[in-house]
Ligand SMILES: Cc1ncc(COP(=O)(O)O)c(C=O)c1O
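Starting off, we have a lone chain in the form predicted on its own, written out as structure tokens.
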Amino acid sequence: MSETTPKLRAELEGVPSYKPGRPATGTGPVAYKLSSNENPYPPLPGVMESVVAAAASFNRYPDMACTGLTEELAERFGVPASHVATGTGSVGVAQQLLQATSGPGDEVIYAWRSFEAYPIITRISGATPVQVPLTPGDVHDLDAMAAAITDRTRLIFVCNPNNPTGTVVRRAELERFLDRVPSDVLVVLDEAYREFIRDTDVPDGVELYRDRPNVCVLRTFSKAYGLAGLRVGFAIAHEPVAAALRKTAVPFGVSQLAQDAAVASLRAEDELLGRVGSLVCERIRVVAALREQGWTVPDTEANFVWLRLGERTMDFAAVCEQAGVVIRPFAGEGVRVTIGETEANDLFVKTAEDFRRSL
């Protein structure tokens, strides 16, 4: 038997696997998962019914064009249907964007630390990642990102709010940055947490895209809408980019269950806004409690908080898990903690207080 193994692409060497948030496996009496930025609420009204109805025909392929969902999104955001492209979560659409724009010899710019999928999907495409450090306040350094643009730059990610820090870039600085980007470089405004923003000075990417052909907006149904398990996201972009996304999409990638659930979720917006409002109130409460304990917590406009812990990161994560709450550590840097059920948030705040006292 030959010992020769199949040849794989050299670009895959050194590419880390994506690390999902750990499940709730704490040893305490109750275990809560605050590691994946999931919505703690059950499906919105009408969503479960739509999924059950769609399940009756899952022996058939879904609508590959996502026609109903595309039309619903186009009406919801006031854009042409031809400017909407769907995919398997916003990360799936982001990977399609890399496939459409970047390959060997090209460069992709993004802040760091930011969404951990960016370096993975960039390297898989064969492009070179250009990581620009966040400011000391854990915010995108847009001036440094603009300075990093070269004639090899093909795509720039701006995660707003930023994952995992929750920080934002505001209108004036973002518009100034966009004015500096060459028109043939695609800027992707990754707005997975858009619904949680309460700072009125943070622009809606859809408004910025309208008169900027090189701006693409990413959104998802995984966070505020609570459809993380169904994998459906979308982009809003001008026709050339949207058409390229449809070409690079995995055929039949978005199931009919996901499509119908997304449409039903869009139609339950009043209930959605109420739930998001409750999570924002919990976010404010948790941040205030942590700051009162003495923690330095950056202002967050997402459904999570960020604590810089440096070398104490893994110790803190272990203490939280022992207490019954699983969080998302980034070794040597800090932890991201999702805002979840009130009971889970209370347990995390208490654990953080006890850990702080032990320092």
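Numbers for residues come from their place in the sequence shown, where the first is 1. Bear in mind that the values here come from a model prediction, so they are computed numbers and not experimental data.
The same protein also has a form predicted in complex with the ligand, omitted here; what follows describes it.
*Asks:* Tell me, which of Ser90, Gln259, Thr153, Thr122 has a heavy atom within 4.5 angstroms of the ligand in the model of the complex?
*Replies:* The option sitting close enough to the partner is Ser90.
*Asks:* Consider the chain as shown here, without its partner, and state which of Ala192, Val286, Ala127, Leu245 has a heavy atom within 4.5 Å of the ligand in the model of the complex.
*Replies:* If I apply the 4.5 Å criterion carefully, the residue I get is Ala192.
*Asks:* Even though the ligand is not shown here, does Thr165 get within 4.5 Å of it in the model of the complex, heavy atoms only?
*Replies:* The answer is no: Thr165 has no heavy atom within 4.5 Å of the ligand.
*Asks:* Give a yes/no on whether His140 approaches the ligand to within 4.5 Å in the model of the complex, heavy atoms considered.
*Replies:* Result no; His140 lies far from the ligand in the model of the complex.
*Asks:* Decide whether Phe115 counts as a contact residue for the ligand in the model of the complex under a heavy atom distance cut-off of 4.5 Å.
*Replies:* Contact check for Phe115: yes, within 4.5 Å of the ligand in the model of the complex.
*Asks:* Thr220: heavy atom within 4.5 Å of the ligand in the model of the complex?
*Replies:* Contact check for Thr220: yes, within 4.5 Å of the ligand in the model of the complex.
*Asks:* Please name which of the stretches 130-138, 70-78, 201-209, 156-164 has residues with heavy atoms lying within 4.5 Å of the ligand in the model of the complex.
*Replies:* Single hit among the candidates: 156-164.
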